[in-house]
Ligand SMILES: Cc1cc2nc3c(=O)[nH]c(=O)nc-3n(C[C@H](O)[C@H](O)[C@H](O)COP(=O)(O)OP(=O)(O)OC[C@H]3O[C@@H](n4cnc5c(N)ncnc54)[C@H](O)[C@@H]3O)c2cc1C
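As structure tokens, one chain now follows by itself in the form predicted on its own.
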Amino acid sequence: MPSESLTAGEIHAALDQLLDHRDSDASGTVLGAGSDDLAAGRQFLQLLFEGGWMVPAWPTQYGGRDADAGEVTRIANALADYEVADLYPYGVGLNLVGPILLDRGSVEQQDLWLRSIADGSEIWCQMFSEPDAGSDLANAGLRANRDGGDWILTGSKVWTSRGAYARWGMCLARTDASVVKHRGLTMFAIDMMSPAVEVRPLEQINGDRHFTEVFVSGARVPDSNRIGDLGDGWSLTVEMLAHERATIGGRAFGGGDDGDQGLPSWLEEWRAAGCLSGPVARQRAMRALILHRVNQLTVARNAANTSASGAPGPEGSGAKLRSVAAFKARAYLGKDMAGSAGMLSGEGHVEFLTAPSMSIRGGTDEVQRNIVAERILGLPAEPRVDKYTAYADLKKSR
């Protein structure tokens, strides 16, 4: 562990030995769109593992460098200057599971899983949503029944991204149906290679096959793979979703600004191509630019709040809403400016087809607005007629 935090110059000097500088004109993938390149991401993580550059806040024994908040920010800023692999396949492990294990996992679980997450040798997926439990996630009904020192899991999940190639799944299960739905849930780590786990890919409109449906038929899971306390699954879910929203809301989709023009590269490309000659196109482009700028400011504020508090809060929902609005405005306008060619294959076409999913993944826009209304603005919650009813008495459970 370094005796003191590294300066920005020292961080760049170290990364210069490992990575190539990023081409400012090159565009990256958007949440893995069009790519499932596991090898490149794993090689990249292994390259950064020894120095703890990918997860600098983690303890050194797990692939971090025990960095303080300031050094973490400087490292993140520095990495933006270099060529990086598409880490979408590894995002659940790095951004969601890892922080949960550090906060709520046992020492044995941390020793078992964290290093393999940091170096990319094992991929995780998040098994939350079910056919009847999406936005109302507490309605999850995949059952976990105790059998001696093990649990027998039976049920199904859907929209499980990375399920087709994940080694482990963070799985929300119903361990007690006699209590209200939010209290009878427990979190487990399930072996996705188990013969009792069947994974079926779901093809998206943009051609990606990131999402899967998962069928669990009597999978035996040892109690040592239970994450957190029995019945504490909902609080773990809320914490994990906060990390997810902070991750999505923490990205200013659309990249940085061109050093010469001071404008986002996509806006400069539209101008250079003559797409902004008409007043209507210019007005729509300026609206997209304003949303982009507001998104950048919201991302910066959310990052500062998270750094100060040490954990993501409900502000992440507001940041996610801003990121989604900015991304969709740019994607739709880019397709329109390309004319009929915008409906054909190509980068803009993929962004256009990916854009609708941004309002769904990581929690719908409607859920995010409820969180902002209730937890930030202090507005009264919507009526919930099943809040005090035991899960077994709900019509859904029968």
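All residue numbers are counted from 1 along the displayed sequence. This one's a predicted model, so the numbers in the text were calculated from it and none came from an experiment.
Another form exists, predicted together with the named molecule; not displayed. Remarks below refer to it.
Taken together, Gln126, Arg361 and Thr364 are fully in contact with the named molecule in the predicted complex: each brings a heavy atom within 4.5 Å. Contact with the named molecule in the predicted complex, judged as any non-hydrogen atom within 4.5 angstroms, is confined among 127-135, 262-270, 145-153, 222-230 to 127-135. In terms of contact with the named molecule in the predicted complex, the residue from Ser323, Asn302, Thr160, Ser317 that brings a heavy atom within 4.5 Å is Thr160. Looking at Ser121, you'd find every heavy atom of it more than 4.5 angstroms from the named molecule in the predicted complex.
Remark: Gln204 counts among the residues lining the named molecule in the predicted complex, judged by a heavy atom distance of 4.5 Å or less.
For the chain shown alone, Glu382 is a contact residue for the named molecule in the predicted complex, at least one non-hydrogen atom being within 4.5 angstroms. Residue contact with the named molecule in the predicted complex: Phe211 places a heavy atom within 4.5 Å of it. Counting a residue when any of its non-hydrogen atoms is within 4.5 Å of the named molecule in the predicted complex, there are no hits in 42-59.
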